[in-house]
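Quick setup: one chain, the form predicted on its own, written in structure tokens, and binding and motion questions come after.
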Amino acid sequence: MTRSSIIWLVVCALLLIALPRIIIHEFYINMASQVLIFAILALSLNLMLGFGGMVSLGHAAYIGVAGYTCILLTIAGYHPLVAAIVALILSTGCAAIFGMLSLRAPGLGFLMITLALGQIVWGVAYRANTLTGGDNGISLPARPMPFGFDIRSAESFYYFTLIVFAVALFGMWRFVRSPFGASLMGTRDQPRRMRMLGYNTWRIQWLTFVIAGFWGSVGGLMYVYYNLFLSPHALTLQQSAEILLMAILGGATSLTGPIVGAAIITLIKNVVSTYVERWNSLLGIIFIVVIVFMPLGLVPGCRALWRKWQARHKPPVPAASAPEPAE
């Protein structure tokens, strides 16, 4: 990590910590919590998309599996920590099975299988009225109190979400920068050469699928803790597509891209939609403009512009004086 990256990281961390003192209004503090939750979901999907080259349209399924499990166990009287751990284990186990099924087909086939699996989870949540409440949904009685920390208020929940987000971001950063992350990117770019070198590319992709499912489940749990409610609407194809859009809009080749994408789309959905009736059209226009002028997404595109600007305003290097001829 370069010195400028560390400075930017410290500045962003200080801004995020001070955010509730800056914006004050409870509505916007809740909005910031939502941005962080969707950033976790978009980052988890980006492990497959940006670093593994696997496009998934079923990521919202983890919200459903983890969320419904947590709510049902809490209602059944289990401790919230036990409910959360079991929900994460079950949801990650589902990711392992989904990965085995999806990786049987590459490219478009992979995309369609993830779409089908996401729709199956949605269908179960919609039809199992006695278990999930069907279309009416099901409520979580109350937010947990992790280690005695009360997260019922908007500000305290924001800080709890920020801690979870920081842990998730660090975990995914370490994953991407590890030798395993390098082998994942090698599998994405040169699968045939990786196989010839002795790497099991299927296992690398499957493990990435499982890890992405784990962090997606963490995002799903936070989604339920925030809303205190879950219905099949949260598991729809539109939800999966929005998470995918967040990663692509911000830039799937970086870790900061999905965070920026999550912030833009969440703000447009919740703030701009109160002033602009056709906010979906506005979102579509923004997406098209960004992809046309910055095909790799906002963050890589802005970085490229910044490098161009620096190169243009860099002072010219004086030409070296020619050596004097020997007499």
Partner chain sequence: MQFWIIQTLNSVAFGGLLFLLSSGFSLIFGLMRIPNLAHGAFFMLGAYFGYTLLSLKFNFWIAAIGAGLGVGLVGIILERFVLRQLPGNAQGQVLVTLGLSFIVADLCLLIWTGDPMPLPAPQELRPPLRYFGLAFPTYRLVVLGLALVAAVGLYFLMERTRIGAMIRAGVDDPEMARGVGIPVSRLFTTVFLLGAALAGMGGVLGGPILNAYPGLDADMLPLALIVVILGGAGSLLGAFVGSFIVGFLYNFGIALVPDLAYFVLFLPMVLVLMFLPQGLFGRVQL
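Positions refer to the first chain, counted from 1. C-alpha atoms forming the largest set that superposes within 1.5 Å between two forms make up the rigid core. Keep in mind the model is a prediction, meaning the values are calculated, not measured.
FYI, the form predicted together with its partner chain isn't displayed, but the following is about it.
Can you check whether Phe287 is within 4.5 Å of its partner chain in the predicted bound form, heavy atom basis?
Result yes; Phe287 sits at the interface with its partner chain in the predicted bound form.
Are any of the heavy atoms in Ala32 no more than 4.5 Å from a heavy atom of its partner chain in the predicted bound form?
Answer no; every heavy atom of Ala32 is more than 4.5 Å from its partner chain in the predicted bound form.
Phe98: heavy atom within 4.5 Å of its partner chain in the predicted bound form?
Flag for Phe98 set to yes.
When the contact criterion is heavy atoms within 4.5 Å, does Ala168 count as touching its partner chain in the predicted bound form?
Output for Ala168 is no: heavy atoms all beyond 4.5 Å of its partner chain.
Exactly one residue in Ile75, Ala116, Val82, Leu197 has a non-hydrogen atom within 4.5 Å of its partner chain in the predicted bound form; which is it?
Contact residue from the list: Ala116.
Given that its partner chain is left out here, which of His233, Arg203, Arg104, Arg177 has a heavy atom within 4.5 Å of it in the predicted bound form?
Looking at His233, Arg203, Arg104, Arg177 one by one, just Arg104 meets the 4.5 Å heavy-atom criterion.
Report the stretch among 85-93, 216-224, 185-193, 124-132 that approaches its partner chain in the predicted bound form to within 4.5 Å, counting heavy atoms only.
Correct option: 124-132.
For the heavy atom contacts within 4.5 Å of its partner chain in the predicted bound form, list the residues of 244-262 involved, in sequence order.
Result: Leu244, Ile248.
Could you tell me whether the Cα atom of Glu277 shifts by at least 2 Å between this form and the one not shown after core superposition?
Moves: yes, 2 Å or greater.
If we fit on the core, is the Cα of Met294 displaced 2 Å or more between this form and the one not shown?
Yes, shifts by 2 Å or more.
What direction does the Ile291-Met112 Cα distance move in the predicted bound form compared with the shown chain, closer or farther, given a change of 3 Å or more?
So the answer is closer.
Pin down for me whether the Leu57-Ile291 Cα distance shrinks or grows in the predicted bound form relative to this form (closer or farther, change of 3 Å or more).
Compared with the shown chain, Leu57-Ile291 is closer in the predicted bound form.
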